[in-house]
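Presented as structure tokens, the chain that follows is alone, the form predicted on its own.
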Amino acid sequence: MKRFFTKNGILVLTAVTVIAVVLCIFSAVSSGTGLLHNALGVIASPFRAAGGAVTAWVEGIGDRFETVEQLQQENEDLRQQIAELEWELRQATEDREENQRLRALLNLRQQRQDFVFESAKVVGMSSSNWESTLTLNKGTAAELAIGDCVVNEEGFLVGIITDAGLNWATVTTVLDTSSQLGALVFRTGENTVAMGDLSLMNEGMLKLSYLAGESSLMNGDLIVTSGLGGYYPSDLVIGSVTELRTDDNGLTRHAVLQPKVDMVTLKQVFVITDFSVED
């Protein structure tokens, strides 16, 4: 059928036109309408229909453009709403985490009433093969001073303030190779030294040195600050023993400590600005 119209389309169109003209003549004779007027109306009718179709098509395109613009605006509004909801969710999460930290700190304050704390936010971190430091958003204006111990909300030792300005402070963490603290095996009372170690730092570990020859240290033992000399508070948890190793000389031993604080995830810390020295 399609092939028939392709080959004979002109003939069919001519036949249709002739029939239309005959009908116009018949209509004119029967109704008295002018032959020319009728013929023009018949000839113009397809063009009027085509014009109407084109107008409808153009209007449809315009409607589509308006619809697309509306959808784009709606999408933009939705993206804005999603961004606001995500911000509110992050804020709510941060508020919840801070509340948890403050509740834990309240419990720590009840346990260690000899401590004076100052809260600070961690605003920077520096880590290399030999260095592990944090930058705080408070300094000497908030009575932070070099030598102050820094803990998390549970009282686990983070490090020591080694530099401070008016509104900032640098904390050298227990992992830093320059870190060295008098330590105590909580279970046995054995005095040792906890220090940063170049070979262990990349593993997030530190070293427990100067173990006694008859030391009964074992994996899992809790290590705390000794407080000897009164420079630092006593009984701040440093970490726990994960491994015992023999030194290169083959005569002495040291232990590997896993700190109780994850330095990478720290957001807030608490500086011990004053404490009571035990005799």
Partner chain sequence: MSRRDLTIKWLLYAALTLPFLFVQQYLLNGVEFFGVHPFILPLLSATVAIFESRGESAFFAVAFGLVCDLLMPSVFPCFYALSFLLTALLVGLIVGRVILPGFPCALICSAIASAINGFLYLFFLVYNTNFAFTDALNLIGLELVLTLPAALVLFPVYRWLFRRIHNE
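Residue numbers count along the first chain shown, from 1. Just so it is clear, the model here is predicted, and its values are computed rather than measured.
What comes next is about the form predicted together with the partner chain, which does not appear here.
- Taking non-hydrogen atoms only, Phe186 never approaches the partner chain to within 4.5 angstroms in the predicted bound form.
- Under a 4.5 angstroms non-hydrogen atom cutoff, the partner chain in the predicted bound form has Asp197 among its neighbouring residues.
- Using a 4.5 Å cutoff between non-hydrogen atoms, Asn202 counts as a contact of the partner chain in the predicted bound form.
- Although the partner is absent here, Met125 sits close enough that one of its heavy atoms falls within 4.5 Å of the partner chain in the predicted bound form.
- This chain is drawn without the partner chain; in the predicted bound form, the residue among Asn137, Asn129, Asn75, Gln81 with a heavy atom within 4.5 Å of it is Asn129.
- The candidate spot formed by Thr225, Ser234 and Ser276 is out of contact with the partner chain in the predicted bound form: none of the three has a heavy atom within 4.5 Å.
- You can rule out all but one of 113 to 121, 67 to 75, 174 to 182, 147 to 155: in the predicted bound form, only 174 to 182 has residues with a heavy atom within 4.5 Å of the partner chain.
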